[in-house]
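So this first bit is one chain, no partners, the form predicted on its own, shown in structure tokens.
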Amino acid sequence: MPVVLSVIGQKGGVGKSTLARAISVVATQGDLRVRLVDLDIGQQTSVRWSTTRASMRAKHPVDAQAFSSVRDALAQAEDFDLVVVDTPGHLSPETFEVARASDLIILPTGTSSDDLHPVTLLLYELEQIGIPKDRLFVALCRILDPKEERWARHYLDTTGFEALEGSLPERLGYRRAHNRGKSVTETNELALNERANQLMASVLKRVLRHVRRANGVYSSR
């Protein structure tokens, strides 16, 4: 069975699809067999992004498919090493089904209190339904300055949940990359790529850690 990594957000516009696409690209570049699952069957933005990527003849195409449920998606995922689940920008009962089916869960968030408070409540809710804390990670996105990021990390430390190393600033270059079917690690600006790659390395480190534990210590699903 593949490792299942889901990206969950309590609202849209916090970097959910951005992270899902970037993780898929970096993992594909690392020769993993990756499927990007788009659960927003209405909009299918990640599927359209993947189609754009293919039309631009990207060196590493991403297999993206839309499904109405995570159960249907995983039923067709046996041939993959990693399944990245991009969820809709709102909470629903399906959100918690995705969480239960996932080995790792990333929750992107901005750094204002209006962003951090609801994501913390969602983290507690996921823990209450039985998701182990060591599978839950927060990714800081849309950062405007270092002070803002430090404050957000301090806030999360007080909740007992882990923020991934690295962060994504709010930059036009990332949006332009998406418009060309690229990820935030593939912009025309080296500094932006390095910033995104730091966050991606943090994610993939947890993926590999999970794989080692699953193979050598216990089965997580």
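This is a predicted model, so every value here is computed, not measured. Numbers follow the displayed sequence, beginning with 1.
One more form of this protein, predicted together with a small molecule, exists but is not displayed; see below.
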Exercise. Ok, Glu189, Glu165, Glu170, Asp63: which has a heavy atom sitting within 4.5 Å of the small molecule in the model of the complex?
Worked result: Glu170
Exercise. Would Val203 count as a contact of the small molecule in the model of the complex, using a 4.5 angstroms cut-off between non-hydrogen atoms?
Worked result: no
Exercise. Using heavy atoms and a 4.5 Å limit, would one call Arg135 a contact residue for the small molecule in the model of the complex?
Worked result: no
For this session: Give a yes/no on whether Gly89 approaches the small molecule to within 4.5 Å in the model of the complex, heavy atoms considered.
Result: yes
For this session: Considering only heavy atoms, tell me if His178 and the small molecule come within 4.5 Å of each other in the model of the complex.
Result: yes
Seminar exercise, completed: Per contact check vs the small molecule in the model of the complex (non-hydrogen atom within 4.5 angstroms), the hit among 24 to 32, 148 to 156, 54 to 62, 38 to 46 is 38 to 46
